[in-house]
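Here we start with a single chain on its own, the form predicted on its own, put down as structure tokens.
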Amino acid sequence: MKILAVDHTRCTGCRLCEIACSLHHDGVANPAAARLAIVRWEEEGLHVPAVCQQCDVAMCELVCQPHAIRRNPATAALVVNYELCIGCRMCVIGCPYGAMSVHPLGRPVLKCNLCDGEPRCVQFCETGALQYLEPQAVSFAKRSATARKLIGGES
């Protein structure tokens, strides 16, 4: 199963990922309705995409009393069943990464579902800050960058 990988060093803060996400899910260009968020430190010029980690042991799923959050076996994404969701927002409180939020347009909560295996945020990320990769590819890239730093090269 692929994972949504973030390379914050490539993020320019353009927010196209947020717009693509909200357009895909809600038909509006509204970053506040996106299932991911660009965390910004303007003075430092830092932008970091905050995305759902689709945790193996997911607090959002564990704290959901009506069991409205379940894993999609095809994508391994944790998905909200809005017919079961009672809007208690315990999942928002329980997420250790702040990857869930309250929906500004009516649905109770916002949660990335990986767009059923074709994340729109990745498709519109021109810099490659967001990628949808096999976990082994992410590990290899990080090992390679670390090894390069150890021998004194650039990462």
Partner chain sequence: MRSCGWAGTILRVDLSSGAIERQPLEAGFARAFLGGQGFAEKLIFDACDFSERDPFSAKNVLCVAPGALSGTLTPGSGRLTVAVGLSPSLGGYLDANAGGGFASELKWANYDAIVITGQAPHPVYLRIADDQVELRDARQLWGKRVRECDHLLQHEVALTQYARLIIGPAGENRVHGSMPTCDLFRAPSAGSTGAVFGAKNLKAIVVKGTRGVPVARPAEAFAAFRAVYEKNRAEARFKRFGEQGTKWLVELSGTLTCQYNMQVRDFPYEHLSIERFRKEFASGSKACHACFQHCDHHWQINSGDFSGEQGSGGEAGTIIPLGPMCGVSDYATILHLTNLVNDLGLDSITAGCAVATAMHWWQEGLLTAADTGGLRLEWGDAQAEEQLILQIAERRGFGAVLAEGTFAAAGELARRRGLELARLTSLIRSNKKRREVPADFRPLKGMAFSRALDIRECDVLNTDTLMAEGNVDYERYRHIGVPEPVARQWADSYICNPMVFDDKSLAKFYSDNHLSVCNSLGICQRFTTWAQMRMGLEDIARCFSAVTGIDVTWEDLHQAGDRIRQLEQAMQLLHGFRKADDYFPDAYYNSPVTQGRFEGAELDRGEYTTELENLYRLRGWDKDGRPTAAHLHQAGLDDVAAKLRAVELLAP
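Positions refer to the first chain, counted from 1. Model, not experiment: these values are computed from the prediction.
Separately, the form predicted in complex with the partner chain exists; it is not shown, and the next lines address it.
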**Q.** Heavy atom within 4.5 Å of the partner chain in the model of the complex - residue from Arg40, Arg89, Arg107, Arg70
**A.** Arg40
Q: Give a yes or no on whether every one of Pro31, His47 and Gln123 sits within 4.5 angstroms of the partner chain in the model of the complex by heavy atom.
A: yes
Q.
Tell me which stretch of 97 to 105, 62 to 70, 110 to 118, 49 to 57 has a heavy atom within 4.5 angstroms of the partner chain in the model of the complex.
A. 97 to 105
**Q.** is_contact(Ser144, the partner chain) in the model of the complex, heavy atom dist at most 4.5 Å
**A.** no
Q.
Even though the partner isn't displayed, in the model of the complex is Gly13 close enough to the partner chain, meaning a heavy atom within 4.5 Å?
A. yes
Q.
Can you tell me if Ile19 lies within 4.5 angstroms of the partner chain in the model of the complex, counting non-hydrogen atoms only?
A. yes
Q. Even though the partner chain is not shown here, does Leu133 get within 4.5 Å of it in the model of the complex, heavy atoms only?
A. no
